[in-house]
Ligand code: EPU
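The chain below stands alone and is given in structure tokens; this is the form predicted on its own.
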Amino acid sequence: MRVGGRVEWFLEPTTPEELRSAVISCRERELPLRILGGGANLIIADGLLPGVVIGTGRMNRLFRIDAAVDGDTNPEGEQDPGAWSAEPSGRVAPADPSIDPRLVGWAGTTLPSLVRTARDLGYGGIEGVVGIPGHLGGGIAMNAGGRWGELWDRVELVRVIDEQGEFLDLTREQVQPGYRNSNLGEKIIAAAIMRFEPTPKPLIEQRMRENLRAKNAVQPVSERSAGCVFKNPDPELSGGRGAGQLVDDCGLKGRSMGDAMVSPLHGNFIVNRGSALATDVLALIDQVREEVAQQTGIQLELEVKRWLG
């Protein structure tokens, strides 16, 4: 969205262990703490944001499973519990992708790089993420997805920093992620193991082209936005209408406040036309929610995250 103010402290760890150390330090000092991924679904208030923001941008690492987990042992010959943080061997994947179609991604792995790497390796099942910005950690935290499925469909194991500051490895069955919700609570994602389906590269490329074409036709993908503003409501309550359709039916497409505007292309996007303030964006969101509630009786729930100070 490219709005918002400044933060008192900004930390940039480069490994999961550095991320854990930063989290522990902030908690010991009782400093307000926020985790910043790619900021793709985030609106930050104007002014000074108190406390610490930990950015995962320098944790952009993606590597093969056996170099990261299966192949690392401690001096006693046992699997090293810190292998998630080991330096990659330089090999991204085995020559035959059907041997073990898994990858380890640290929290700062960008979704575009994940999509490209999976395509190049013949790893299918993640094509629906094409065109979506942001980081793997944030995508897993919100269980990003769409009609193609959800990111957690590909997560085999996630490594988190728990409330006590310890690493904890969780499976999908243990987490039970839901719609736009990882169910991880206050736990912080450090890394994840993703499992894919061996797929011919031409087929993956075809799916990517089709998904991009469909998104470009109905979403303002080239404009400054925070993605979908609202979660889709219960279809039984909305008559099967998604959030964007409800906004459109209420005649709110094109509604603006300052340089913030409800996209004429898709009612569930608010775009920054150039010099919008966070105050404009947040006020427009509240206005849209109120009018949809008045006209339809449906209270839309936010999908975007807000840092309000």
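So that there is no doubt, residue numbering starts at 1 and follows the sequence shown. Just so you know, these numbers come straight off a predicted model, no measurement behind them.
One more form of this protein, predicted in complex with the ligand, exists but is not displayed; see below.
The ligand in the model of the complex is not approached by residue 123, whose heavy atoms all lie more than 4.5 angstroms from it. Taking non-hydrogen atoms only, residue 275 never approaches the ligand to within 4.5 angstroms in the model of the complex. By the criterion of a heavy atom within 4.5 Å, residue 245 is counted among the residues contacting the ligand in the model of the complex. A residue is said to contact a partner when one of its heavy atoms sits within 4.5 Å of a partner heavy atom; residue 56 fails this definition for the ligand in the model of the complex, lying far away. A single residue from the set 102, 215, 207, 119 has any heavy atom within 4.5 angstroms of the ligand in the model of the complex; that residue is 215.
None of 219, 199, 110, 238 but one reaches within 4.5 angstroms of the ligand in the model of the complex through a heavy atom, and that residue is 219. Annotated contact segment (heavy atom within 4.5 Å of the ligand in the model of the complex): 224 to 232, selected among 167 to 175, 224 to 232, 110 to 118, 199 to 207. Along 254 to 279, residues 265, 266, 267, 268, 269 each place a heavy atom within 4.5 Å of the ligand in the model of the complex.
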